[in-house]
Every structure is written in C-alpha cells, then in structure tokens.
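Only one chain is given next, in structure tokens, and it is the form predicted on its own.
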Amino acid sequence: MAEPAKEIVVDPGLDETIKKLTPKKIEDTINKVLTKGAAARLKVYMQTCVHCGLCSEACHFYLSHDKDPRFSPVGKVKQTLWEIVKRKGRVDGEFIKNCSRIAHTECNVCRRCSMYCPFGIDMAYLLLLVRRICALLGVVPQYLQDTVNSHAVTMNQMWVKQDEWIDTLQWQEEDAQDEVKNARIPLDKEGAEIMYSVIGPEPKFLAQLLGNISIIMTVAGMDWTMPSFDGWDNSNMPMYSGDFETMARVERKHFEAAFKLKVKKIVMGECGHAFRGAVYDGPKWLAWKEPPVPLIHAVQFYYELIRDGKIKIARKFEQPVTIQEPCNIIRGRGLGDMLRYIMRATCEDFRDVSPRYEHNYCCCAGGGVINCGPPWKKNRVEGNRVKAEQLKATGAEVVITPCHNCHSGIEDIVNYYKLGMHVKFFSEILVDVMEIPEELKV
C-alpha cells in the first residue's frame, strides 16, 4: 500500500526538511496533535470506519488512476494516519515525507468522499490532521510553504507590497474608466455598504479582474470600498498547509479591515478556498460561531444584482459554455442554483455537467494542491482525468470557473488533455454582456 507515486518528484520541502527530524521530535509532535488537537473526534472516526471502501468511487484520484486502491480516500488514511496511530507516533522521517506527499498532493480535501461514506466520516478532516502533523514538523511542499511564509510576513499570498497594491488598483481604475464613465475603486471609504476583498493573485497576475469589478460596481450603483492596508487578501494557504496559527492571523486581519472601515458586509471575489477560510475553518479556529461581519461569495452577489435588476443583460454570450462548480461554495454552501441562474441569464447555450451540484468532481487544484507548484503539476492533472472526460462530454467551448484555484486547475486540464476549450471567470462574461446605461457610456 505504501508504494511511491509513479514518478519520483524532487521537492526540497519534503526531501531536505526530513533530514532535520529526530525520532523524539516526530513522536512528541504526533502525540501532541493526537491527544490535544484531535482527541475524541479522531477516536470516533477511527472506531466507526468499517473499511468498506464505499468512499473510493467518490475520489477523482482513485477513478483517474484506474481504481488503484492507493488513491482511494480510505487507502490514503490507511497509509498515513492509521499507521501513525497504530505505531503511537514511532515513525521515521521517510514515513513523514510519504505522509506529506499523500496528504498535500493526492487529496484536495474536497469532501466529496464524505457524502458516500455510510457513516458520514469526514475524510478531509483526517487528511488535514496529517497535514497538521507534517506542518508542525516543517515537512511541507516548498511552493506551498512559500505562500504560507508570504501570508505570515505580508498578510497576502503573493508578497505584494502595499505600494504595489495601491498602484495596481489605481491602474485598473483608469482602465475601467476607458469602458465606463466615473468608474472608481474607492479606497478606505468608512461606512460603505460593501468591502470587496480579493486574493493575492489578482493584483499579481490577473489585475484585469479588479477593473472588471470596478465596472460592475459602477453600473450597479453600489456603495463599496476596498482597503488600502493589510486585510485586503482573503486567501488563506496556511489553512491548507496545516499552519493553523497563521491561518487564524490571516482571517483575523481580514475581518479587522472590515471593522476598521465600518462596512455592513464583505463581498469576496470568485474564489472557493477563500470562502471556506473566511466562513468555516477560520472562524472555527478563532472560536467564533459565525463570521463577525456578514460575508457573501461573488456568485451570490452577481445572482442578487441580476435578480434585482441592478445589472441588466444587453445580449447573451453565444458560445456554448459549461461550468466548473467550486467544492467550497457548491458542496460547502449550496450555491449551485444561483450559479445556474446567472449562467442561464447571461449565456445563450449553457450546457450542464454530469455529475453536478454537490456531486460534481473537484477541479483537483483546490485544497492547496495547485499551490504545491510545478514539481507536482503532472501528478495533479493525471489525478483528474475524470474531470477532462466530464468537460469534454458537454461539447462546450468555454468553461466558467468562479474560483481562482478551479480556473488555474481547469486550464491545466484543458491544455494537458487537449480539450480545445477556453476558461473564463464569470465576471469576464458579465462585463461582456451587461447593459451600460447611456449616462455611463464613454
């Protein structure tokens, strides 16, 4: 069961860090996590699982590897956590390295498998527990750890400095004014209705999305703002590396920005994992029952704008389109109907996927897996052959992905399997088809 992946991947975050481990450090760290961090929940899950394997058919890694049991959810737990518990933490560095490889690069913690477990065991929780152990031991894929380090130092994922952030917003505000009169990206406006937050890759690689939201907010007549200071990045890679202390700092800073601006709610851009961090995992770690400021995802925001007539559609997008459903907002939040509403409102030829809604497959990029970087890319795309087959079956020419991880992951799958499709965010479609009022036309 514990054979390595088909190809050996060189990753200093795993290969070099284990050289610093001692048997005592490994055993002490593991037992601290098992007794103080997990305790009753782990015991219940371990004693409840009857090893039936019904979770296997739910996993895209398992299906895409011709049903190799090593890639089944229960197989991954057996190769890692079960052995850790059985040996009471008396494992060596090579074993920890293998645990990190499995937990960080072969599981998206998407929770599809939990729906197929007859007892509802949260397999993602068990693999996240393995990540937690690996993170405390410092054995984390190098690229993923770099994003965590950036969060810890700069409070954003991409080492973006404050002046770079502000410059990018001003640049995109100017670009938006080429499309719509009076388009603004208002900074630090106290008492605004909405604080709009994004993830680090937007100012770094996808700045046009900031221009898009300026156009959308202006046409819809929204009272909104963005912070010029730390707290603008709502992404949270420490949540996925297992560094929960840094995860909590990032989430606290995000909500502190909203408090400082005295906004009524937060609207976050098209990102699934950021939503999970801000609504579920972050508040839970901070002992908050709910997010302290109301927060909605972009899909719900666009749904409300179109439903309420604040955005009118001038013409529909004509190319055949389909969707990728981000696990953290569809399976995790139930936004599947809202997503289909905005798709049908804006697209002439929407082709649904199968399976769909909460049963849809993960993109295989989420859960921090894509952040493990180029060394693991081939493993990642080969671990989601079923997604390529699913998208190809729709006959669509465009895939809409209202999530950054989904967007990048699906692009890789489209290119690797030569599907001949384009990948877009929903805001790109909306800006293209919405009606610009006469008084705002340039």
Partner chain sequence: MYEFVSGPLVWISFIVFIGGSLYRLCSMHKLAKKEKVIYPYMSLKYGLRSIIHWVIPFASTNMRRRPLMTVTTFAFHICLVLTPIFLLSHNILWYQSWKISWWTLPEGTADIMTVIVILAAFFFLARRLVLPEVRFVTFASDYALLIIALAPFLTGFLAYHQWLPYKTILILHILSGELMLIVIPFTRLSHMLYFVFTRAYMGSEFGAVRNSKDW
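Positions refer to the first chain, counted from 1. The model shown is predicted, which means the values in this text are computed figures rather than measured ones.
Below, we refer to the form predicted in complex with the partner chain, which is not included among the displayed structures.
- Using heavy atoms and a 4.5 Å cut-off, decide whether Thr48, Leu54 and Pro69 all contact the partner chain in the model of the complex. Yes, all three are in contact.
- Find the only residue in Leu136, Val74, Leu128, Ala192 having a heavy atom within 4.5 Å of the partner chain in the model of the complex. Partner contact (heavy atom, 4.5 Å) among the options: Val74.
- Task: Have a look at Lys264, Lys284, Arg252, Arg307 for me and say which one sits with a heavy atom within 4.5 Å of the partner chain in the model of the complex.
- Result: The option sitting close enough to the partner is Lys284.
- Query: At the 4.5 Å heavy atom threshold, is Lys392 in contact with the partner chain in the model of the complex?
  - Reply: Judged by the heavy-atom cut-off of 4.5 Å, Lys392 is well away from the partner chain in the model of the complex.
- Task: May I ask you to state whether Asp146 is within 4.5 Å of the partner chain in the model of the complex, using heavy atom distances?
- Result: Residue-level check for Asp146: no, no contact with the partner chain.
- Query: If you check in the model of the complex, is Ala314 within 4.5 Å of the partner chain, heavy atoms only?
  - Reply: Residue-level check for Ala314: no, no contact with the partner chain.
- Give a yes or no for Cys372: in the model of the complex, does one of its heavy atoms lie within 4.5 Å of a heavy atom belonging to the partner chain? Cys372 lies outside the contact set for the partner chain.
- Residue stretch of 169 to 177, 201 to 209, 332 to 340, 218 to 226 approaching the partner chain in the model of the complex, non-hydrogen atom distance within 4.5 Å: Of the options, only 332 to 340 has residues within 4.5 Å of the partner.
- Task: Could you list which residues of 99 to 132 come within 4.5 Å of the partner chain in the model of the complex, counting heavy atoms only?
- Result: Counting only heavy atoms within 4.5 Å of the partner chain in the model of the complex, the contacting residues of 99 to 132 are Arg111, Ser114, Met115, Tyr116, Cys117, Pro118, Phe119, Gly120, Ile121, Asp122, Tyr125.
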